[in-house]
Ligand SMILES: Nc1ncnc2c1ncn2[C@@H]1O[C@H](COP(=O)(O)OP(=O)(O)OP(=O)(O)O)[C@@H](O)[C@H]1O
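Coming up is one lone chain in structure tokens, specifically the form predicted alone.
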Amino acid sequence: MKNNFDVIVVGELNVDIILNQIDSFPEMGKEKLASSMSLTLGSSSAIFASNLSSMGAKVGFIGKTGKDTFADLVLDSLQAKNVDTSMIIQDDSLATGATIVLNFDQDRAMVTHPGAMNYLILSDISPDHLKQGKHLHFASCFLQPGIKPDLANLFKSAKELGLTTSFDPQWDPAEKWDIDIEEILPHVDIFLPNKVEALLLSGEKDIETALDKLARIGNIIVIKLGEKGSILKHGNKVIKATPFLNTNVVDAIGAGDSFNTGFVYKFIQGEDIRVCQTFANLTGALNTTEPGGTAAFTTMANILKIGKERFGYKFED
């Protein structure tokens, strides 16, 4: 059946073990203390799906986990936010991935055990699944070596089935940046790297040149600039959007994923790209008001309330 979902998310699934208020950066042979710890839903794709569903979109997820305690947390967390998990594959021979997150102010260091994320492959994603959605979102290709070589085919298939598409590459732990953007981006409607990722994938030294190069290959290129907002290029149009600044950041885990959420939410509603970008800046900032990547997202009414009261956002923007 077509269009059961506004968005189908394909991607990685893991938990985050988050350590805050750390004495100082870890050193070999020494033990440091963290005053705060939380265990929560992790992964770029899952944070995106959870927050998008919280806004009222109908979201389905395709991914792979083990059959273990971490998998239970992942599935329970997604289901609690009304994300459809029926297309998630569980394999009892695999372990569900986990990321240790060490937070220092607005930056962080992470160590990830990929586990089942390594084993999602293109044949796990049937056309019958894809055609239930209107939009496909994929993230974290470098954490998913099983599907990384077939990214162009995944996006091409989605486009042929009538879906719009978005792609956030995320960081490459191997720092090889070995994806063929010239093959992939023509099939991607919205490309969502951050500044560092855009520079490394384009091979350019400055953000304007990188933006121009990526826009010649792709469609809507949106580069996240953190506290400096974002910059977008579509055709000959370049839009710089100023940030919504949070003066009391709890942490920045998932802020980029929440930016993606805001942009795609407005995009699937048919809004102008300037509206999409402004709302994305808001949802990225909103993310930093609570710990982890999903706690700040409850209902759309609450998002708009906080946006107006704390950040001066107007729904009509």
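What you see is a predicted model, and the numbers here were worked out from it, not measured in a lab. Start at 1 and count along the sequence shown; that's the residue number.
What follows is about the form predicted in complex with the named molecule, which we do not show.
- At least one heavy atom of L245 is located within 4.5 Å of the named molecule in the predicted complex.
- For the chain shown alone, L52 is not a contact residue for the named molecule in the predicted complex, no non-hydrogen atom being within 4.5 angstroms.
- Mapping the unseen interface onto this chain, L201 falls outside it, with no heavy atom inside 4.5 Å of the named molecule in the predicted complex.
- Though the partner is left out of this view, H135 does not reach within 4.5 Å of the named molecule in the predicted complex, counting heavy atoms only.
- With the partner omitted from this view, the residue of H234, K148, H129, R108 that lies near the named molecule in the predicted complex is R108 [heavy atom within 4.5 Å].
- Just one of T99, Q90, N194, S157 comes within 4.5 Å of the named molecule in the predicted complex, counting any heavy atom, and that one is N194.
- Only one of 113 to 121, 219 to 227, 90 to 98, 159 to 167 places residue heavy atoms within 4.5 angstroms of the named molecule in the predicted complex, namely 219 to 227.
- In the predicted complex, the named molecule lies within 4.5 angstroms of at least one heavy atom of each of the following residues of 241 to 258: P243, F244, L245, N246, V249, A252, G254, A255, G256, D257, in sequence order.
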